[in-house]
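Taking the form predicted alone, here's one chain by itself in structure tokens.
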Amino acid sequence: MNSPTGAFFALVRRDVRLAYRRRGEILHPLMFFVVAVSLFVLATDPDPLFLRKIAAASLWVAALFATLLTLDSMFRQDFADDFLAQLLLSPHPAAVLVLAKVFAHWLVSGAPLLIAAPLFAAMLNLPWHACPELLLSLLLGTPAMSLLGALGSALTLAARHSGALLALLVLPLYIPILIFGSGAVRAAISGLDAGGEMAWLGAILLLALALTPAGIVAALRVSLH
């Protein structure tokens, strides 16, 4: 951990190992995604054409709430055992360490959704030619949701019963990602070019990468005092 890069990957490995020891952190968002998509299928008209129409919205709404489910725990355990305070006192840039925790969160909560998405896309009669756009939109959108969610999690870290407050803070920030993500999949289903929606998702991700780390660090410092 002599270099920021080494510290980054060491922290990612630590957080991923801890998540695998607490398997619920991996299973909860994935199971929520599975249940939510399955309920969409069971509760709506089973007509294949209708399922195709709602496929993009169903998959993206399920992914959004599955991500939201994990945000409150992103920093809470480290806050409780004072590891977070030691992390911010590290000689390495705090923004790099925060990005490591966000990346670990995405590996645990976002990456499994990408793996499961094609299977549930088939349940919703999503055409196979639209699957690349679905996966690319999730690949761009879920890390952005983790970054924005980390900011909300840091802001509410010291609050009691922060779940509802966290949702109120984060959901408005997720709306553009939901719109462009589902829009990209709908365009692909219709045989249209989804490049515009993908460009917006990429821009949101780059903007989140540039702006949120400093805000997360500042919010964590406030929560620790």
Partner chain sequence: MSAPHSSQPKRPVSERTRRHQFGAPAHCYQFAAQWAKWFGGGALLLFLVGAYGGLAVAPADYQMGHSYRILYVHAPAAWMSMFAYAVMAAGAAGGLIWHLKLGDALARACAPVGAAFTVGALVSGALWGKPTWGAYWVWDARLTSELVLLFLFFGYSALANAIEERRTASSAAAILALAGLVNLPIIHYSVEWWNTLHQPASVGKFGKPDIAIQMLIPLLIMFAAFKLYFFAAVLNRMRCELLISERRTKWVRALLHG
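All figures in this text were calculated on a predicted structure; none of them were measured in a lab. Residue numbers count along the first chain shown, from 1.
Only in words, not in the display: the form predicted together with its partner chain, which the text now covers.
J.: Name the stretch: of 49-57, 179-187, 62-70, 34-42, exactly one has residues whose heavy atoms fall within 4.5 Å of its partner chain in the predicted complex.
T.: One stretch meets the cut-off, namely 179-187.
J.: At 4.5 Å between heavy atoms, is residue 27 in contact with its partner chain in the predicted complex?
T.: Contact check for residue 27: no, nothing within 4.5 Å of its partner chain in the predicted complex.
J.: Even though the partner isn't displayed, in the predicted complex is residue 100 close enough to its partner chain, meaning a heavy atom within 4.5 Å?
T.: It does not: once its partner chain is placed as it appears in the predicted complex, residue 100 has no heavy atom within 4.5 Å of it.
J.: Although the partner isn't part of this model, could you tell me whether residue 215 comes within 4.5 Å of its partner chain in the predicted complex, counting any heavy atom of the residue?
T.: Residue 215: yes, in contact with its partner chain in the predicted complex.
J.: Does residue 11 reach its partner chain in the predicted complex, with heavy atoms at most 4.5 Å apart?
T.: So residue 11 does not count as contacting its partner chain.
J.: Looking at 140, 151, 74, 126 here, can you tell me which has any non-hydrogen atom within 4.5 angstroms of its partner chain in the predicted complex?
T.: Of the candidates 140, 151, 74, 126, 151 is the one lying within 4.5 Å of its partner chain in the predicted complex.
J.: Using heavy atoms only and a 4.5 Å cut-off, decide whether all three of 159, 165 and 175 touch its partner chain in the predicted complex.
T.: Per the other structure, all of 159, 165 and 175 touch its partner chain.
J.: If you look in the predicted complex, which residues in 191-209 sit within 4.5 Å of its partner chain (heavy atoms)?
T.: Stretch hits, in order: 200, 204, 207.
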